[in-house]
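One chain comes next, on its own, written out as structure tokens in the form predicted alone.
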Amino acid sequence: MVDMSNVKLRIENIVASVDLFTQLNLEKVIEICPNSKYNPEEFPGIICRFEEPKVALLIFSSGKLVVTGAKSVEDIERAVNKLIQMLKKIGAKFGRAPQIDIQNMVFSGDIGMEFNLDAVALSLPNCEYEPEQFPGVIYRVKEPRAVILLFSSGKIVCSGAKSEHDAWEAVRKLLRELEKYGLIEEEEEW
């Protein structure tokens, strides 16, 4: 049984795609979006930054958005609702609730123990280690799909997860593999 009691994970970034199910006139939208940039020759959407919640939104004329920089799913929902209220002021009509799909979550964390990365790379399947290029082991989890960067200090970065549950499950699988190959000691049962 893998001991997860010392493992810490913190959300660093969430990226979501959003469909507002309405067409937008970006020339009008740019007028109501503070902290925004729109140059259609460079990029086909508006880059809008909110201070509260602290996120960046890419707004397209199709009514599709990309929201990034959020630290919680609630931040994404608050940002989308804030944008909808702003869009209503310029006459945008919404026939249904927006569809929000989490595309990627990035977590930083700590497993709470140190590792010999050479031994990890030689033992663990589904990993890469090129210390001359990058100081961590890149471990790929197939299900749930995620990538974990493991550093000798025990610090980790987990990306690609679609939920916090998936990130924890990916870390649990990494720890099981490390335990299976004798790279961490199993807790003794009393």
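Don't overthink the numbering: it's just position in the shown sequence, from 1. All values reported here derive from a predicted model rather than from experimental measurement.
Below, we turn to the form predicted in complex with the DNA, even though it does not appear here.
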Handout entry: the DNA contact in the predicted complex: residue 100, any heavy atom under 4.5 Å
Key = no
Problem - in the predicted complex, residue 22 touching the DNA (heavy atom, 4.5 Å) - result: no
Problem - residue 66 within 4.5 Å of the DNA in the predicted complex, heavy atoms - result: yes
Practice task
Verify the contact flag for residue 38: yes if a non-hydrogen atom of it lies within 4.5 Å of a non-hydrogen atom of the DNA in the predicted complex, no if not.
Solution key: no
Handout entry: Selected contact from 62, 126, 123, 163, since only one has a non-hydrogen atom within 4.5 angstroms of the DNA in the predicted complex
Key = 62
Handout entry: Interface residues of 4-22 toward the DNA, as seen in the predicted complex [heavy atoms, 4.5 Å]
Key = 12, 13, 15, 17
